[in-house]
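Only one chain is included here, represented as structure tokens and corresponding to the form predicted on its own.
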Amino acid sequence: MRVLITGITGFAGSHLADYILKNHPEAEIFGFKRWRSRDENIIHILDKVEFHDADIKDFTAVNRFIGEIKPEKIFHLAAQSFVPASWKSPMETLDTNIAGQVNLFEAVRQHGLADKTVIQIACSSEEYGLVHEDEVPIKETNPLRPLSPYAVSKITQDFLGYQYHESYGIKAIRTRTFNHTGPRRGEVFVISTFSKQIALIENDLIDPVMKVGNLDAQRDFTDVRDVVRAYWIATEKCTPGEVYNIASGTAHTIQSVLDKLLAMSNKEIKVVQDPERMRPSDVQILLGDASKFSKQTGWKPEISFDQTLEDTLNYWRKKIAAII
């Protein structure tokens, strides 16, 4: 089995490669990476995966390698995935996420792989945007009311998956994943930024002050290792053209997440709101209903939220210790 992961150097991409190597040794893994991408997440698998330098915005490179690899499964994870960055660089976000997916679909179509290659598209719960109190937990049928350029880009990816399936028979499976976190998560994301700051404070590298944004928002967190397992299962058991939520079904306020992490440290830490960490508009609650996905696949999260937090904090403790 030939499997291609776009964005393999990233958070979810690297964990997906780990999952496949451990659980599906029969698979031959290929990865798209940009020449300027950092290798820290994949340093341990450099000799186990065939990498290709391909920016998904470069159709020539994408088309060439799709033709050479002829993958049976594609996990499309490459994207500009940080919501605040989409306000600062909206066109870059739209270009990367939308044009990149069109390039991938067109390459698959032009090489006659539309009816042969299953493509999992990593869509997002951010697509739901403004959610009313009587609309949670959120089902796939909920209205989409995007509140960021990132969310708009993900809706477009989502609908392109449907359109290419209907128009050309592309075997696209759309997964709307709610917040996922764990070791290797980029430091700009909420649980990682809290964990990194704690690790720095524990090593007396910064003052014992935690800088935070909106602590009232509620998010549905799933461990990334459960999420990538869901991605694989989606390509095995889900229906092309359909859309599926992937979520834990439990919402946590950011305040409660912070309290849990602070309780894991013996340092006295002051919490201060940082205006730079506040968003122009914020989604107040994202709580997912993954019953459609679970019913079709049998998937459910296996890693507890407390374990995820502990593993993430220890990841940053180890990372900080290695550089001092």
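When you see a residue number, it is the position in the sequence shown, counting from 1. These figures come from a predicted structure and were not determined experimentally.
Just so you know, the form predicted in complex with a small molecule exists too; it's not on screen, but the next bit is about it.
Judged by heavy atoms within 4.5 Å of the small molecule in the predicted bound form, the contact stretch among the candidates 177-185, 232-240, 162-170, 137-145 is 177-185. Remark: none of the three candidate residues (V3, A27 and N103) comes within 4.5 Å of the small molecule in the predicted bound form, counting heavy atoms only.
Using a 4.5 angstroms limit between non-hydrogen atoms, K196 is distant from the small molecule in the predicted bound form. The small molecule is not drawn, but in the predicted bound form it has a heavy atom within 4.5 Å of E126. The closest non-hydrogen atom of V283 lies within 4.5 Å of the small molecule in the predicted bound form. Proximity of K211 to the small molecule in the predicted bound form falls within the 4.5 Å heavy atom cutoff. This chain is drawn without the small molecule; in the predicted bound form, the residue among A99, L130, A114, I254 with a heavy atom within 4.5 Å of it is I254. Residue A217 is the only one of V118, L94, A217, L200 with a heavy atom lying within 4.5 Å of the small molecule in the predicted bound form.
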